[in-house]
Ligand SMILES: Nc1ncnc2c1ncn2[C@@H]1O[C@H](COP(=O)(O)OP(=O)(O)OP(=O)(O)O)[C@@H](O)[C@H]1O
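Form predicted alone, single chain, as structure tokens, below.
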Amino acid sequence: MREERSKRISVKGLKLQVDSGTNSGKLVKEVIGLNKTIDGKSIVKGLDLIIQRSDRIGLLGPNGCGKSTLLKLLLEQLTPDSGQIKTGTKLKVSYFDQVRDQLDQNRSVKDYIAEGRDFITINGKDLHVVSYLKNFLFDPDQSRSAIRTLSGGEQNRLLLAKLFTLPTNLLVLDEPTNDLDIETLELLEELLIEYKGTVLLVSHDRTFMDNVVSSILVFEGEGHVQEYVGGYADWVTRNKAELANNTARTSSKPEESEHEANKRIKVAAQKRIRDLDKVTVQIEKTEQQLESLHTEMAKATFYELSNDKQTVCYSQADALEARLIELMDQWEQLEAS
């Protein structure tokens, strides 16, 4: 998926440690009939949107179309002209901050990350700060060095390291890829793939967006914002297919009204969400059953059972693993639909 990038880093072999905080509620944001006009220009018009835990949503549109404004509306930093924004429970928000002036250049790298301590807490577990910094490609000598000795790209990487120590479950990233070198850009992509929380992302790097997001909000002009499943490339492919279908349509076929089209899209989206919820519940239940069975099989007493009983347990584990693969395939098909 990255033919146009000539350089790539590898973090395989490293166990990336990022703090996704405590889980938010299943519902992160619900937007109903949102409208916002600034200086006579309609930024958002009649937007309905549901953001659920672990969604990764990219915002797509030309400069000045209102992407940053919509983020501020969702985070209730701006007040809408009309409509409702409902916020879920246990939400902890963090921003990617690229302002290097906030870094104390005389402070050491590890002190900036761990606030003078030797250990930091990631997902409830203590981790030595030097080990944590290895995830971000800092060697032990760099960890002890002053921030002023780092290059610009390394300082951006340090800001990422700080960001992912925060116990957040909603990351808001407004143009995080600006001024990032390829090495740091690739690392940010790996971190976001590892991240378990919800992500709202604005980026002009279409490849980066394709590799990270699960859906996009497209600013289509005059305040119309439409959600599409998939990334930028999926949206382009879909637009080409729709254009071809529209061109091939006979003039005698009655056109679908905008109201009917919106209704059809919403019904399909709601059905997809319900189906995803059902499959997710089945996946969680199967994983719990499999984990419980593995726990029993790991006990020393398991090997005191008869061969027949052990065989039954092995067969149950095989069946659960096969079922899990099947459910994951269903989940991926629904995500891609």
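Because the structure is a prediction, the values reported are computed rather than measured. All residue numbers refer to positions in the sequence shown, first residue = 1.
Not on display, but discussed next: the form predicted together with the ligand.
Put simply, E227 is far from the ligand in the model of the complex: not one heavy atom of it is within 4.5 Å. The closest non-hydrogen atom of H204 lies within 4.5 Å of the ligand in the model of the complex.
Proximity of G33 to the ligand in the model of the complex: non-hydrogen atoms within 4.5 Å are absent; the residue sits far from the partner. At a distance threshold of 4.5 angstroms between non-hydrogen atoms, E175 is in contact with the ligand in the model of the complex.
Taking the partner from elsewhere, no residue among G153, I182 and T184 has a non-hydrogen atom within 4.5 angstroms of the ligand in the model of the complex. Exactly one of the stretches 56-64, 297-305, 23-31, 279-287 approaches the ligand in the model of the complex with heavy atoms within 4.5 Å, and it is 56-64.
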